[in-house]
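Next up is one chain by itself, shown in structure tokens, the form predicted alone.
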């Protein structure tokens, strides 16, 4: 079932006397949490359905959805719940890409203005994230305060601004993530990464045009996991490096081809069919490996040691429509 809903404001109930958490409504969907679990409920054909996730997994997934602005295509919190970016509008769905729900007509998809669903998601994150818990961090870097009753907040963590460069990092006007003066120390997993920078000898008058920096040193100071920054922009071509540890909190359903370059260590990727979630492949990427993630899959990564990954994104307008219409094949290369 699919429909468009106009949500004019964040609808939240008073805090529960038992847990201290508020509950939220968005269209036909309702969100609630207790000491351990987040619950999403919806109504279809007179039936009330519900789906439960561990609260920490839910918050990690929602944190990426918010930080990425709903990203490219599908952000599956798990096999049942997720969002699809329509660029200006966002679909929120339950069971729409799960065969059992879909076949029985128990799925629901509603479309919201991007600003309205973002406001609700931010309110949920703010209320459900306790003091000390960082949904951007690896488990070893944050405590277990997500468990239990409402206890403060961690707005400093959930309101981080994604690094998005207009030029190469280090040039005038862009944040220098790798420098101590901006408060980003070297991450504990990258203590062995050299912090030396390349020497650049520019001709007089070109000092602001010729530049180089160490991407490894830059990434060694990333304080978040599974959150691609934008380190260079060339027309519609975006280089988005990131550091990965533990599990990618979402299953990303592509609406375009993504290219991955493994810069260090190793990531194991589980590849599934985008529509059904049926297994398609397992990809083990080691340093130096390059892989293309097709436009018709969803993927989830596992990294037992913090690793560095470079994601190349094609931000050309109209790509999702070209892939969905079949004018572009979902895989970039045929062997």
Partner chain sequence: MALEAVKSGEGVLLLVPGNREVGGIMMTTKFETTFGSLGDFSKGELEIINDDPKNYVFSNIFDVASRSRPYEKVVVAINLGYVFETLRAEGTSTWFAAAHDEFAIVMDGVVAVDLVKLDAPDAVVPPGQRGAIAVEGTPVGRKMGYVKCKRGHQVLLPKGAAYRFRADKPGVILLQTVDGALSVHKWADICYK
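Positions refer to the first chain, counted from 1. Quick caveat: nothing in here was measured; it's all calculated off a predicted structure.
The form predicted together with its partner chain exists for this protein as well; it is not shown, and the discussion that follows is about that form.
Check: Counting only heavy atoms and a 4.5 Å cut-off, does its partner chain in the predicted bound form sit next to every one of 92, 119 and 158?
Finding: Checked in the predicted bound form: no contact with its partner chain for any of the three.
Note to self: Residue-level contact is defined here as any heavy atom of the residue lying within 4.5 Å of its partner chain in the predicted bound form; does residue 45 satisfy this criterion?
What the structure shows: Residue 45 lies outside the contact set for its partner chain.
Note to self: Please determine whether residue 35 contacts its partner chain in the predicted bound form, using a 4.5 Å cut-off between heavy atoms.
What the structure shows: Residue 35 lies outside the contact set for its partner chain.
Next item on the list: Considering only heavy atoms, tell me if residue 24 and its partner chain come within 4.5 Å of each other in the predicted bound form.
Entry: No, residue 24 sits far enough from its partner chain in the predicted bound form that none of its heavy atoms falls within 4.5 Å.
Note to self: Contact with its partner chain in the predicted bound form for residue 198, defined as at least one heavy atom pair within 4.5 Å: yes or no?
What the structure shows: Yes, contact at 4.5 Å.
Check: Which one of these stretches, 225-233, 120-128, 95-103, 82-90, sits within 4.5 Å of its partner chain in the predicted bound form when only heavy atoms are counted?
Finding: Flagged stretch: 225-233.
Item checked: Candidate from 154, 242, 264, 109 lying within 4.5 Å of its partner chain in the predicted bound form - any heavy atom -> The residue in contact is 264.
Item checked: Heavy atom within 4.5 Å of its partner chain in the predicted bound form - the one residue of 66, 285, 57, 30 that qualifies -> For this set of options, the contacting one is 285.
Checklist line | Contacts with its partner chain in the predicted bound form, stretch 210-224 (heavy atom within 4.5 Å) | finding: Going through 210-224 in order - heavy atoms within 4.5 Å of its partner chain in the predicted bound form - the hits are 210, 211, 212, 213, 214, 215, 216.
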